[in-house]
Structure formats: structure tokens, C-alpha cells
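Before any questions on how it binds or moves, here is one chain, the form predicted on its own, in C-alpha cells.
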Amino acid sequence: MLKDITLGQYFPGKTVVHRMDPRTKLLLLIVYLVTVFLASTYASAALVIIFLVTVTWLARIPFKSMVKGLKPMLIFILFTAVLNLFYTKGGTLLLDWWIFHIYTEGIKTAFFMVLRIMLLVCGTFLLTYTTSPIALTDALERLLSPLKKIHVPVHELAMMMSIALRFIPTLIEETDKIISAQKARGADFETGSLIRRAKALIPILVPLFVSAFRRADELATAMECRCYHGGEGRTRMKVLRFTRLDLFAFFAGGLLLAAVIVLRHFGL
């Protein structure tokens, strides 16, 4: 299950999506998230799915990687679907048995809720798949640069986000190694009561936290040895510039948002 978590991974490439300015990708992700929540009809949802599939195809990202990233959230998705299915009333009553009542509106709400979660996760993964952590840091810092006037530590916040994304795959790999080592010593994580399973996680969490703090200390030492002083006086090897490709991407994102709003307004 841990190996299925793909958040933070980067797939190098030279596609049109990879060549886009990272600021454009961040802004388009915000537009995409708004569009996903506005898509409340089948036509608008189909339009968002087509947009996501098209961008994924242009980025040459394997669809199995997108599906693989959804596996760790399967329980959460199913739990959300069940709650909306049985606790949403409206429309025609389809099932009335004991405490379970299923309405047509409940089925529709559960469907759109599950679809929204999957689209949100896939869209976020697509950003990390096609953008390196360094590019994301630079883009976030440039977008939040106006906040420096009110003394917000923009560079430090962007650096923290970059380091967090960078070490997610490392921590997942470290956790998998610890679990394998504990299983080799006879540890059992799959049987017993819930309390027993929780206690069995202690031999995993303790060395994982120790390893994480050790890595953080080594990283801090390495940054100090390289005379890191934050964003003051820092130069960049690659200067971010908007191109015609970014303008076209903004136009496509705006067109998608406008189309979804129109479809939502007319109830199509």
C-alpha cells in the first residue's frame, strides 16, 4: 500500500506540460479545483474529465500511475460514498429497509462526491508529476512575493513546502524498509484487535521519527555548510518567464471554467 503513494514524485520529460511555467501550472491548478467543485451536472463533469485526460495524455504520464495514486485513498473514497448514499434525502425513494434509506438524490450526491475526490487527487498528482520540487518552490515564492511587503517569510514557506514534497517518497521508502525489517523479526501488523494493531505500530513509528529527525539535522548541517542564508541575494539558474504556451494554457483553463459555469447555470 505504501508503494502506491506517488505524491511528490517527479517524472522528467520534455512535453508541452513539462515546459510550461510552474506559476502557470499552480494558477491553472487553482482554476481546475474551482471548476471541479462547480461541476454539478453530468455534462460539466464529463467536460472536466476530458480536460484532465487530455492534459495527462499531453504530459505522457501513464494512466496506471494516476490510478495507482488513488489506491491509498480507496477506503476514504468508499466511506464518503456510503455516507452520502445513506444520509442524503431527496428525489425518489429506492430502498427502505430498517435504518437504510436510499434516494435517487443520494446516489447522485455520492457519485459526484466520489468523482470530485478522484479528480482533485489526480489533478494534484499531475502537478507534482510534471513539475520538479525546485520549480514549484520558485513558482510559489514568485506568486507570494507581494506578501513580503507585510513581512511574511515567503521564501522560507516555499522552501518548507519543497523539502516536504521532496522527502515524501523518501519517508515512504524508509517506512517500507522498517515494516519489512519488523516482519522479518516476527512482527504481526495484520491480525488481532484494533488496539493490538495500534500497539504494533510503535516499533515502526519510533525508528521512523528518529530517522526523520536525523535527516532533518543532516539537511540543516548541509545547508549551513553551503552558507545558506535564505532568499536574500539568491540568484536562479533558470529565470521564470511566461511564453505563448502559458498564454494558451490560461486561455484553455479560462474556457473550461466558463463552459462549466454556463452548463451549471442552464442545468445541463
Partner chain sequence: MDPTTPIIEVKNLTHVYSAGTPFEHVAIKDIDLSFRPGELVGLIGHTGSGKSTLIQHLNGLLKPTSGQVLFKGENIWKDKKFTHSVRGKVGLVFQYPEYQLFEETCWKDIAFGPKNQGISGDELDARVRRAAGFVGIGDDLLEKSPFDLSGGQKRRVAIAGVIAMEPDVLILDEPTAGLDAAGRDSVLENIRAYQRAQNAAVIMVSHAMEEVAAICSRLIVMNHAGVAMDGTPAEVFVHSEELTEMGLSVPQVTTVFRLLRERGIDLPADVYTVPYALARLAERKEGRRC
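Please read these numbers as outputs of a predicted model, since none were measured by experiment. Numbering follows the first chain given and starts at 1. In this text, rigid core is short for the largest set of C-alphas that superpose within 1.5 Å between two forms.
Only in words, not in the display: the form predicted together with the partner chain, which the text now covers.
The partner is absent here, but in the predicted complex a heavy atom of Val206, alone among Val206, Val67, Val34, Val53, sits within 4.5 Å of the partner chain. Though the partner chain is absent from this view, in the predicted complex it lies within 4.5 Å of a heavy atom of just one residue from Glu173, Glu105, Glu156, Asp188, which is Asp188. Candidate site formed by Thr24, Leu58 and Val262: none of these residues places a non-hydrogen atom within 4.5 angstroms of the partner chain in the predicted complex. Heavy atoms within 4.5 Å of the partner chain in the predicted complex are found in exactly one of 179-187, 118-126, 75-83, 148-156, that being 179-187.
Shown alone here, Ala212 lies farther than 4.5 Å from the partner chain in the predicted complex, counting heavy atoms only. Residue contact with the partner chain in the predicted complex: Phe11 places a heavy atom within 4.5 Å of it. With the core held fixed between the shown form and the other one, Val34 has its Cα displaced by under 2 Å. Remark: with the core as the superposition reference, the CA shift of Ala212 between the shown form and the other one reaches 2 Å or more.
Taking the rigid core as fixed, one finds a CA shift for Leu58 smaller than 2 Å between the shown form and the other one.
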